[in-house]
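First comes one chain, alone, set out as structure tokens in the form predicted alone.
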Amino acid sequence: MADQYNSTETLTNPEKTRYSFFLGCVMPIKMPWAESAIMQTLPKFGVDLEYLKKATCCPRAGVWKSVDERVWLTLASYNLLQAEGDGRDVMASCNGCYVTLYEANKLLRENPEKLKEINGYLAETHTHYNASIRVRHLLEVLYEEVGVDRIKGESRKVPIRVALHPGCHMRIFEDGRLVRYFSELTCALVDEVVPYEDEQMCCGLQANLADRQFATYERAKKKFDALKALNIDALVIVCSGCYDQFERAVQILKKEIGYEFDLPIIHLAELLALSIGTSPDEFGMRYLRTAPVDSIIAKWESDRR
């Protein structure tokens, strides 16, 4: 599934380090610490990052692609053309947003007639999309453009043990590179990454559309049960959709059966920020959490003394 506009050929062209950051719906509302960590950290590694202006919902391909492809492509294109107008590629952290924008962009680049059709709808808003830009995942930017070696050379590992939740959409490519990037980047930032049997299990987000009970108990809770047995400090994610599902499930399970899940769920960018010495209070790490992160901060502070 790899293609020429999403390749590792990036560092030779300085333009490739200029990105419009597509936040998505969840991150600015529920994960401000992740947003802040990304915006504060990536520029320190030479990534010219700006917010994607006038953005709408991505919209989620798993819903709109099957309901009305025209809506899916038109809204996705409307987001992409904002970046195209600024001469920037698009970067997303949420796996779902990435898949939506990546697949829509790929389809329009490879199908001129479809692009012409979508531009007919965009003309109603006096806009036009040329499909001349790339869509990149945060993991691609960090791994392919910044590089693991540079990150290791300019950071100090956060002294914690963690597990990973890649999420389903991270497996978009047949070679599994995004999952590998996620693992290698996290290993560079913490003392230990602990594998577990249910690491590849879906969070249950999409299943909510059909069966909330199944999504909560047969997906999220099963994952929580496995994680609680690991004696780790945190679960690391990058996907806003997965975080949204986990936060919802934590609240439902506590209300319905008194289930407690007190393991912090943190974003990869938070680890990156901490590793280069950014204070937790500088990116708001303590706030709006599913579980307190005080123990992580205490270990980081002790190691920095």
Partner chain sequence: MSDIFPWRRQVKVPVPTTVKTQLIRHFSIGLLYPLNEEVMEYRRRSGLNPVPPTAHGYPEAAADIQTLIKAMKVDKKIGLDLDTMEYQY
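Positions refer to the first chain, counted from 1. Remember, it's a predicted structure, so these values are computed and weren't measured experimentally.
Below, we turn to the form predicted in complex with its partner chain, even though it does not appear here.
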| item | value |
| --- | --- |
| Region of this chain that lies against its partner chain in the predicted complex, out of 130-138, 188-196, 117-125, 229-237 [heavy atom, 4.5 Å] | 117-125 |
| N111, E144 and V148 each touching its partner chain in the predicted complex (heavy atom, 4.5 Å) | no |
| Contact flag, P59 vs its partner chain in the predicted complex, heavy atom cut 4.5 Å | yes |
| S36 within 4.5 Å of its partner chain in the predicted complex, heavy atoms | yes |
| K54 within 4.5 Å of its partner chain in the predicted complex, heavy atoms | yes |
| Touches its partner chain in the predicted complex: Y78 (any heavy atom, 4.5 Å) | yes |
| Residue (of V250, L42, V26, L263) lying close to its partner chain in the predicted complex, criterion heavy atoms within 4.5 Å | V26 |
| Within 4.5 Å of its partner chain in the predicted complex: residues from 270-305 (heavy atom criterion) | D281, E282, F283, G284, Y287, L288 |
